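Two forms, one chain: they're shown below as structure tokens, one block per form, named structure 1 and structure 2.
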Structure 1
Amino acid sequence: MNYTEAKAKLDARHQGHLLQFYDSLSDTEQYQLLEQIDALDFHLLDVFSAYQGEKEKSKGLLAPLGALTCQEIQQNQQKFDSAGLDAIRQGKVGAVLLAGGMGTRLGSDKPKGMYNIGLTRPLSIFECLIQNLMQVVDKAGSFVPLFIMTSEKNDEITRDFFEENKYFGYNAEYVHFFVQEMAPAVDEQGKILLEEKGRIATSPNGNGGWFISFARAGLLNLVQREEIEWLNVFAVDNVLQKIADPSFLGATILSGCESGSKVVRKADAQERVGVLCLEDGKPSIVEYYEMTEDMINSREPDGTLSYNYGVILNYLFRTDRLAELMQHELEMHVVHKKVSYIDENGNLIQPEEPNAYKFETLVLDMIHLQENCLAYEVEREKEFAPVKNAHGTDSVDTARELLQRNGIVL
């Protein structure tokens, strides 16, 4: 795309300000900016306009969804493990690590997965996760293909970190990186922001963007060629989670469900967590702020909460169903965030309050596109140690405590 074509494209959507510093840029910067403009998806501006004119899309008819409980899993452990290990040994299972985020909230300017969770020795979040996966590899006697989603901002440093650390003992032939697609940020008036004079302000398009990014990177072709039937999708920030867990795999396969979700029993009725439920008869996830007081406090005859099982972003998806779902467009969520930007005078503005909107798709919306989903309960103290904050709830401090409680030397 040349300058004239870019100007015409932008002017048609009242975004010509993106070229206001063009003449002051180097040849390389001009080329990169034109490339960004060429890739701009103006459909997002229509999404923003609709968001301004409408209320948040309301949920359908919600109903509780029970789970395969820890007690039931324990009673069938051998059967579930056997089925899961068979699937791994036959090469039917892959794992997808969502690692596009940075460690900003932890006080780090590096990828979150590089954060050192150790106390007396270096122990990155990435190493914790690879060690968790290696437990399965050792048990199965077979490596699990691992697909790591990075972002434009952390891709190179993440790849370098894995190489420098010799993939933490994992076989590099089974590790595949791919970059998450980006979406532009807009101001309150729907104007796309610049983060530099020659660069549009962008951010990863939400964790629901993993599959389209995965497919466009050619990895869906690889999965189909290798006849991988299941993908275990998980987030970088839960250092205790089991990955490609044979029992979870086996239980989901034997249930006949086309997806599975690990869940934890809610600590109490008011816990702010997304809950797996049914929406119009199909699996769905309802956020705590979407629940009525009646739903929050509703109980079953045995006294347990009706909406009792919170998701921890550890899902199983059948690859053939994912390929079919590419025909469906995930809902685009518009999120109010703080975004640094260049003003009309070329000054960098770093706001203290939310000033702009980002566009994100969410993996939880993929669950609602499934016909069914097995809710698989895990013990919170053994499999849920999220690292979202430096201190306080779901923090580095709480994760370290849980790791040590589970015998991990820090």
Structure 2
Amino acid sequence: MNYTEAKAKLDARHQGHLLQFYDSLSDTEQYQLLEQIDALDFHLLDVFSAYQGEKEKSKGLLAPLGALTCQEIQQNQQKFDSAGLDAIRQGKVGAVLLAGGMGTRLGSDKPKGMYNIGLTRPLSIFECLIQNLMQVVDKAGSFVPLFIMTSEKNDEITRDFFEENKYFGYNAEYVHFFVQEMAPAVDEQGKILLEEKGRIATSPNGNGGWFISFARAGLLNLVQREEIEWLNVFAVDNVLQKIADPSFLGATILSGCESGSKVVRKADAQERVGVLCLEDGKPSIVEYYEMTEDMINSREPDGTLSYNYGVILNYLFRTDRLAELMQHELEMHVVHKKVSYIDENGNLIQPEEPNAYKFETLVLDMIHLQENCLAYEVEREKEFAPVKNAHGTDSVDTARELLQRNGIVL
């Protein structure tokens, strides 16, 4: 794309300011900016206008969905474990670590997985997760292929970190990195931001982007070639979670469901967590802010909350179904976050408060595309220690405490 074409493309959508510093750029910078403009997807601007007009997709008919409870799991423990371990030994299971996020709330400029959660020794979040997975590998006697999603912002540093640390004892042949796509950020008026004079501000396009990027990287072919039937998709920031958990796998396989989701019992009606329920008869995750007061407080005859099971971003998907799902587009969410930008005078502004909107698809929306989903209850004290913030709720402090309570020396 040349300058005149770029200008015409931008002017048509009132985004001409992106070329404001063009004359001051080097040849390479000019070329790179024109490339970025060429790739710009203006569909996102329509999503933003719809969002401003509050035209986000409304929910269908919602109904509660029960879970396989901890007690029921305990009663069938051996059966579930052995079905899950069999699947792992037969090479039918892979795991997908979503590590493309920016972790802005944590406030570190490094990938979240590199954060040192140790107190008396270095223990990164990545190492914690690999140790959790190694427990299963040791039990099964075979490695689980691990696919790690990064973004262009943290790919190199993440790969180097694994390399330098010798994959924390994991077999590197079983580790595959792939990079997710980016999306531009806009300000309150819908103007696309610059992060440098010659660079549009972009950020990873949400954890729902994992599947498209996975397929584009050729990994769906690998999965099909190696006959991997299940993928356990999990977040980087829950340091206590079990990965490729044989019991979760076994229970899901034996249930005949095509997907599974680990859930925790809500601490109280008001807890701000997405709940797994039914929407128009299909599994669906509804965010706490999408629930009416009636739904939040609704109780079953035994007194338990009707919408009682919160998701913890640990899912099982059947790979043959995922390949079919490629036909569907996931809903694009608009999220309010902090984004550094270049103002009209060419100064770099680093905001203290959310100032911009990013565009993200979410892995939780993939659940609604499934025919069914097994809700598998886990004890939050044993399996849910999210690291979102430096201090306070869901923080490094709370995660450290939970790790120590579970016997991990920090």
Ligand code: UTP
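From a predicted model like this one, the values you see are computed outputs, not experimental measurements. Numbers given to residues start at 1 and step along the sequence of structure 1. The term rigid core refers to the maximal set of C-alpha atoms that superpose within 1.5 Å between the two forms.
Comparing the two isolated copies of the chain, the second one is the form predicted together with uridine 5'-triphosphate (UTP). With the core superposed, Arg321 shows a C-alpha displacement below 2 Å between structures 1 and 2. For Asn221, a C-alpha deviation below 2 angstroms is recorded between structures 1 and 2 after rigid-core alignment. In this overlay on the rigid core, Arg400 has a C-alpha that sits less than 2 Å away from its partner position between structures 1 and 2. Look at Leu19: with the core superposed, its C-alpha moves 3.6 Å between structures 1 and 2.
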